[in-house]
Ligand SMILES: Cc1cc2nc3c(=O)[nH]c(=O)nc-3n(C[C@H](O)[C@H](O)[C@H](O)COP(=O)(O)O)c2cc1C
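Presented below, as structure tokens, is a lone chain in the form predicted on its own.
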């Protein structure tokens, strides 16, 4: 797939067959993450946790569902029963670079999403669940993150029956001011 085809085809997949991606597909997706840029070349400030353990995925899902029920969204299915969740975490920043770890993590996730799209593998950016994880000491303990790291965002991946197709994207969705 050409780069723009992958970009125009990428979308959030929310239905999975339950089948994991192959090892080769996962390696390609993780290689795309490794190819991501990192602010100030500080790659050591980003870590990925590939979660495939069904019991931990269920624990994350249940914690997120409980939080959703409190907010009135009881019918949520936070991880969409995807068999793999790749959590991207960053080293807690100081006040001067507070946004940097989140920018780095978002770029990592987008690179992985484009690779998954190119492979025809289902994927979806995950944000809300990450906040639940960040505020749940039990989940944080299960993830065994390095000292001083916090969850930033993630990507679920898995086999799907959905197909990616190139979309027509309106060129005025994001306001753009051009200064010449």
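Just so we're clear, the structure is a prediction, and the values are computed from it rather than from any experiment. Numbering follows the first chain given and starts at 1.
Form predicted in complex with this ligand: not shown, discussed below.
S.K.: Looking at 122 to 130, 25 to 33, 137 to 145, 41 to 49, which lies within 4.5 angstroms of this ligand in the model of the complex, counting heavy atoms?
M.R.: It is 122 to 130 that comes within 4.5 Å of the partner.
S.K.: Going by a heavy atom distance of 4.5 Å, is residue 11 a contact of this ligand in the model of the complex?
M.R.: Contact check for residue 11: yes, within 4.5 Å of this ligand in the model of the complex.
S.K.: Is there a heavy atom of residue 166 lying 4.5 Å or less from a heavy atom of this ligand in the model of the complex?
M.R.: No, no contact at 4.5 Å.
S.K.: Heavy atom within 4.5 Å of this ligand in the model of the complex: which residues of 78 to 99 qualify?
M.R.: Going through 78 to 99 in order - heavy atoms within 4.5 Å of this ligand in the model of the complex - there is one hit, 80.
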